Each structure stands twice: as C-alpha cells, then as structure tokens.
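Next up is one chain by itself, shown in structure tokens, the form predicted on its own.
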C-alpha cells in the first residue's frame, strides 16, 4: 500500500491502538485494529459492551477526550489522507461533510436548549454559505426526508418534546445533511422498540447517497444479519474475525463468533434455555499473554494460553484470530 493509502477505499484503519491512563494503570481500549471500508459497503462492527467498538468510532473522527485518551499507534485514512495527522481546520471540514456519526443516545447528542431546526441549520451553515432562511428551509426538508410528520412544525420543537424514535430520526437527518461518504452509526437503536428499530435501519440504508458506506456498531448479531454486507467481530479490544456476513454466519472460524451466534434467541430451539458464554471478559488493564478468549473457549489447548494468535492464519479462507481457524474452515472442524 502506498503512503497515501488506496483512494478507492473510503476509510482505512491501520494498526490502531488507543489507551487511557486511569488510576489503576493503562487501559488498552483498542489494540492493533485494522479495518477497511469501501464504497457501497455496510460493515458491522460487533462485540460485547466494553470491547472497544465506540472508542474505534470516536477515534475515526478524533472525538476522544485528550489527554486522557492516547493514540499509541496507527493511522486512520479517509480517501488516502490521515485523519490523525490533520490540522484542526481540516478535520472540522471532514466531520459532517465526509464522515458523519449517529450517536447512541440523541438526548445527549442534541442540545436541550435549542430548537431542532436551529441545530440542523447551524450544521448546514458551518459547511455551506447559506442564509438563515435557506438553512432553515433545508433543515425542514431534511426532517421531511427522514419521515418526520409536519416537519415545519417539528422544526420548532426542542428535543425533549419528541419521542425517542423521532429524536433518532433527527440524528439521522443531521448525519445525512451533507451527503457524507461514510456514516458511522453507534448503537443507533438502543432503547427503541422493535418496530421503530426497523424503521431507523431502513432510513439509514435508504437515504444515504449512492456509493456511500455505513459502519454499524452494535452488539446485536441479528441486526448485522439483516443489515450488513460484511462484519468484523471484536473481543477484548481487537478484531478476532472478519468476512462477508453470509460466510461468517454460516461457518464462523473463531469460537467467540460461534458463541455469539449461538446466543441469538432465534437460533435457540423452543423450550431450551438461551445459551450464554461462560466466564468473564478479561480486564483491559491486564490482558492475558495468549489468546484473550482462551479461558472461555471449549477448544483451548496449551498453545492458546502462551501465544497470542495473529488475525491472519495460514490456509485460512478469511481473517480469524484462532490457531484452529484453518481446521474449523475444513470439513469436520470443531464446533460448539
């Protein structure tokens, strides 16, 4: 790869490591993560809470708090330009224009003191030479675009006057204002009922511009199956498996991925208890020397406790951080 990256890809994350200095020591939130996203892709980043998904997303737009957060290594290339090396004025032009983000909880992302229309208008005027009237009209149109009824009236509302589903629609409208190349959606349907969740996902997929990409951060494998074209599975601050959704769901190569899939309610036979993953996630303050999943894995052997597996294994059809990945890919490989 050239020093400027592959301009045919929208985003390239290369060997990203992020840590936080806390009283107990150094917390390794993201550890050697690499991920690429191309045009028209819908990529799911999935894993248990605390595995580093949101920190990865915030790192892409340089929204982490400093000096508490520390970028230990890596690059984040947007259209071949390293976001982590951009001056402040350049990264501000990327946020919203090139890459936008839909946050997990709109009540904390939206200002409680300002009307919805004013917040959308401000975002428009930051990136385009518009009059107040022009920006307001475009804000109302953005609300109409995401299916908010009576958008002219709703534009005068404050966030607390809207339902949770309506607030999330406002967040989607704000994320799509400038037709960005990439939208990052961080658990966008938390606390919404199933019907509203489906509407929100449909909006995100339908309203983005042709050729743009979506990075969906979630802990819900069912959402990944219904929404994404490719998935990267995170465990303990690193990616443990990556590939096309159909392949990963049909033939998971990492035991953690298989355990996640086995815990989906729809895959549990009637009358049986939901399957849980035994044990606890290791502390990011003190990860084990070997495979970080080895003490929860039913297939672990001596090597797993002493040697850390690389993501790419020999003779493996796709990236998987497991010494048994090639065997699992063949006929008769071990399964949970």
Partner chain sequence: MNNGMQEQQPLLEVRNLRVHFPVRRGVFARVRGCIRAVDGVSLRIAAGETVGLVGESGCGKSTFARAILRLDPATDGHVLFGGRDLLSMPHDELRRARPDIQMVFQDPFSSLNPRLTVLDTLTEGLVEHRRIPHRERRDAALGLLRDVGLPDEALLRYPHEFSGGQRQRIGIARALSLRPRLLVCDEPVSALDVSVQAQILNLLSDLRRKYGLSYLFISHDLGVVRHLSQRVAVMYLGRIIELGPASAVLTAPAHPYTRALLAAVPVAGAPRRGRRALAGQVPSPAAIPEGCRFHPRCPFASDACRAAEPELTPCGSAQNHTAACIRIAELPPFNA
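Everything numeric here is computed off the predicted structure, so don't read it as measured data. Numbering follows the first chain given and starts at 1.
Not on display, but discussed next: the form predicted in complex with its partner chain.
Colleague: In the predicted bound form, does residue 71 come within 4.5 Å of its partner chain, counting heavy atoms only?
Modeller: Output for residue 71 is no: heavy atoms all beyond 4.5 Å of its partner chain.
Colleague: Please tell me whether any heavy atom belonging to residue 194 falls inside 4.5 Å of a heavy atom of its partner chain, as the geometry stands in the predicted bound form.
Modeller: Judged by the heavy-atom cut-off of 4.5 Å, residue 194 is in contact with its partner chain in the predicted bound form.
Colleague: Would residue 201 count as touching its partner chain in the predicted bound form under a 4.5 Å heavy atom rule?
Modeller: Judged by the heavy-atom cut-off of 4.5 Å, residue 201 is in contact with its partner chain in the predicted bound form.
Colleague: Is residue 265 part of the interface with its partner chain in the predicted bound form - any heavy atom within 4.5 Å?
Modeller: The answer is yes: residue 265 has a heavy atom within 4.5 Å of its partner chain.
Colleague: Taking its partner chain in the predicted bound form, would 10, 40 and 214 all count as contacting it (heavy atom within 4.5 Å)?
Modeller: Checked in the predicted bound form: no contact with its partner chain for any of the three.
Colleague: Note which of 277, 64, 26, 300 lies within 4.5 Å of its partner chain in the predicted bound form, where distance is taken over heavy atoms; exactly one does.
Modeller: That would be 277.
Colleague: Among the candidate residues 173, 155, 76, 221, which is the single one with a non-hydrogen atom no more than 4.5 Å from its partner chain in the predicted bound form?
Modeller: The residue from 173, 155, 76, 221 that makes the contact is 221.
Colleague: Looking at 83-91, 126-134, 100-108, 158-166, which one sits within 4.5 Å of its partner chain in the predicted bound form if you count heavy atoms only?
Modeller: The contacting stretch is 158-166.
Colleague: Need the contact residues for 36-60: heavy atom within 4.5 Å of its partner chain in the predicted bound form, sequence order, or none if there are none.
Modeller: Result: 48, 49.
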